[in-house]
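Presented as structure tokens, the chain that follows is alone, the form predicted on its own.
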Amino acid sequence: MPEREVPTFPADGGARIEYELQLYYWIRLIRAFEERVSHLHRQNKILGGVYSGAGQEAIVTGVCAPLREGDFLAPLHRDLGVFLVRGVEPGRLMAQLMGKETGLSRGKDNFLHGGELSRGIFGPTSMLGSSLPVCVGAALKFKMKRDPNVAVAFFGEGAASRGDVHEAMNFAGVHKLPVLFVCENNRFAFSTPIEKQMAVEDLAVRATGYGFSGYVCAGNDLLAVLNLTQRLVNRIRNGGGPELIEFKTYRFRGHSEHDPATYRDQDELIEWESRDPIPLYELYLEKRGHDLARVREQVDARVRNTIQEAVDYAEHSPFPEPHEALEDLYAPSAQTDAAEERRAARGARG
């Protein structure tokens, strides 16, 4: 396990405060956004499954915060926060969940497969883990073109048993590619506990077999996540080759909205809920001298407004027209340009 260090915050006092509060806003926005999605799902307004990442917000926040424009990410179905931290408009994300034309895939798929390549986000796939070879391909491109970018591949401890996860890590190790493998170990692959999945306590030990280093980190501690990610991303960006981080965490909800998760031990759930990443980071802010009550009130208001605006935008957005199902099948063309003009006209009419 790596030594605990203080994360590298901006040296300027004002910039540091702003960065600390931005991290807090992100972690709160992710939690609240997913809670609203859960409510909307019960109102039959969400198309497709909902896979909550409640309890795991510190991972996506701490991993994405040190990244730059041009970096490539392949998140999981439970990593909705990646989209928010990387700057995807909350309204477009909510529209994606509602199957609207203004969503990321223009209403042609649910969130599970939505991506946003303009933000460097490759959409998840139903076969979790299959995106790792794609992410490694992006890393190979970075190395071939000598781009100073990093690819980040998210996967769960359950997906680690898949062959394409092994192939991706093996290829990355052989070619010393600029890729960070992020394992979100929340102890359950749907209902299968980790003890039934692997015979080792830490998945991170497998990295040695691929020729690079593996680290274990407390995934509910935003500062620990941020520190380790910053250090390894800098090393990868400077030609150090791939790295693996295993974040120990826990999902507070079931596998999906329809899963009551009765297979879990309630004492274990209570223990992990006491390690909620949000109160843990709030304690840090308070110790840093922030007026936590005032900060919480301001962030609450900002988060509520952001989410309500996103819901309003999505609910007032149109569903795609039937003929649009035949669009986006091929590379951009004059037909695509005409479709874009029609969508812009429809959006202008409200």
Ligand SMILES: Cc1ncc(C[n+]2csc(CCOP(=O)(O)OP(=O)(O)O)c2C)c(N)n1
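Sequential numbering from 1, following the sequence displayed. A quick note: this is a predicted structure, and the numbers were derived from the prediction, not measured.
The next section is about a form of this same protein that is not shown, the form predicted together with the ligand.
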So if I measure heavy atom distances to the ligand in the predicted bound form, which of the stretches 83 to 91, 155 to 163, 101 to 109, 204 to 212 falls within 4.5 Å? 155 to 163
Please determine whether residue 248 contacts the ligand in the predicted bound form, using a 4.5 Å cut-off between heavy atoms. no
Does residue 126 make contact with the ligand in the predicted bound form, using a 4.5 Å heavy atom cut-off? yes
With the partner left out here, check for me: in the predicted bound form, does some heavy atom of residue 231 sit within 4.5 Å of the ligand? no
Mark residue 186 yes when one of its heavy atoms lies within 4.5 Å of a heavy atom of the ligand in the predicted bound form, and no otherwise. yes
Within 4.5 Å of the ligand in the predicted bound form, heavy atoms considered, which of 141, 176, 235, 255? 255
Who in 64 to 95 is close to the ligand in the predicted bound form, meaning a heavy atom within 4.5 Å? 77, 78
